[in-house]
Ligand code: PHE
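Encoded as structure tokens, the following chain is the form predicted on its own, with no partner shown.
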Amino acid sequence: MPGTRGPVPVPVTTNGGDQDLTLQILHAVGQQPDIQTSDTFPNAPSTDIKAALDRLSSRSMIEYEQHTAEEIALTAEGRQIADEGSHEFKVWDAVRQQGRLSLKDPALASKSAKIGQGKAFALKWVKKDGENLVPIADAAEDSTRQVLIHVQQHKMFPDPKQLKDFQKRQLVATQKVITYSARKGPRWALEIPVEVTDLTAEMLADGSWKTANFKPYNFQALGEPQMAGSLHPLGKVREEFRKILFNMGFTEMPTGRFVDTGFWNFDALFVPQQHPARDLQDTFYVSDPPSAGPPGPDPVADAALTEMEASSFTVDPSKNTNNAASTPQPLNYEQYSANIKQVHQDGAFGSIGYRYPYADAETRRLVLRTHTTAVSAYCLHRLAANPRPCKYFSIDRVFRNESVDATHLAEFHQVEGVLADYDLTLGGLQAFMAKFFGAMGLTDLKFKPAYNPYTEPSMEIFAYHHGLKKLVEIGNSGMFRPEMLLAMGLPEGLRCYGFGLSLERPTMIKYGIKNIRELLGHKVDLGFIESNAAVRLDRE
């Protein structure tokens, strides 16, 4: 037997008996071209009316609209005043009847009586005479009660300016009221027809499907909520950055090493061992174990980068000056470490260095990496085995010992890229940054000179943000210093661009987040994570 959907009554109690509200609505719209449910069914609950209207509308038997409005209603105290009189009037009336009333009289002990005394004094209805109250006015008009009765009857004030005062006194409140207007639909009838919900083999065999009244599909019906996983906004923006960089020919660097040595995080980047960034108040140092061995290869990172390079197209054989390009030369980490010590302590490769006593123990201290440039240094040194043009990028977490506030966390994500090639210039870096940020819809860049220990020249990058209506810093960039590159064993003609920006800042701007703690951490709203839209950096 095919499934059917027949009349589904919505029982409500009206006029002392149970009635089917759906049928009442059908009869009402049959008698009037347009009905207002608040007038026609004043005692029916709004939820029941909505349920009945939805059932009839799904069958195209009626059409209806929902109307939302605000109306003024009395609070419990307001209703009491409308019934019995205002506090000030009751105080005046009690004093008038007694002629003189002690302030300690039980009639004046209640909280409402104390409020009424103040109002009665202000209206000059009563006054103090020693420890007593005596009447001043022979007659008083209870305007407060009259206004509240008017509001109770008409749902509005006679003078709209009175609303704020009565709200402040907590005598009235505004509330949302939902009403509906309904009229006949294209399939209106006084009876709700039976509708077939399933097409069966029997109906096909006997032909009854030709005359059956099938229930129409409700394409507006919401499905069951799915408790599926959701992508974090940072993950969505990160993926957008990856697509942009992959399309520009970059290879992603392996960045799984959160803990690194001071050598890769600082020394290899020509950061002096006395630099403030290496202080405890700026960097997280690992206490167990506190140090590592001398610099050496990372087989896991090497294997991952080799696999990534094999699937990329960043190598340009025509610019490769190494005649044995297919057979990379072995890397001498001991010599590299000695070069770094020399360039810091005594100067080398055309630089006078910092000229301070270089401590090998400082290079081996373990830290939570403060920037992904530590990974870039490792990958660029690896490039010395087979020097060639290349493009590398990374997007991963870094850690800094910073005070947590609305725009700073102790950990955040850094987007970084390095581009190595022959005969690179500063103008080329500016042109590249314009192309990179242009892919995100940011144009008309401004560059400001800056200082970084490992790049010279260095530039901060600004762009005009149309939403904030001001120039905002969007990144940092520069050309890696010869002291850093030549110490690795790279040829003199091979130069390298470096650029970086945070992942959190563009994510906050894109999603309109003002406090970074609403993006990461225990204050994150999971509802926001589940409902946030997909991201396109080149579109609003």
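All residue numbers are counted from 1 along the displayed sequence. Model, not experiment: these values are computed from the prediction.
What comes next is about the form predicted together with the named molecule, which does not appear here.
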Legend entry - Every residue of 75, 86 and 146 near the named molecule in the predicted bound form, heavy atom within 4.5 Å: no
Inset, instruction - Flag residue 260 as yes or no: does it have a non-hydrogen atom within 4.5 angstroms of any non-hydrogen atom of the named molecule in the predicted bound form? - result: no
Legend entry - Exercise: residue 416 in contact with the named molecule in the predicted bound form, heavy atom 4.5 Å: yes
Inset, instruction - Indicate whether the named molecule has at least one heavy atom within 4.5 Å of a heavy atom of residue 477 in the predicted bound form. - result: yes
Inset, instruction - Evaluate residue 373 for contact with the named molecule in the predicted bound form, applying a 4.5 angstroms cut-off between non-hydrogen atoms, and reply yes or no. - result: yes
Legend entry - Proximity to the named molecule in the predicted bound form (heavy atom, within 4.5 Å), stretch among 497 to 505, 26 to 34, 57 to 65, 41 to 49: 497 to 505
Inset, instruction - Could you check which residue among 432, 358, 454, 250 gets a heavy atom within 4.5 Å of the named molecule in the predicted bound form? - result: 454
Inset, instruction - Go through 150, 400, 446, 465 and name the one with a heavy atom inside 4.5 Å of the named molecule in the predicted bound form. - result: 400
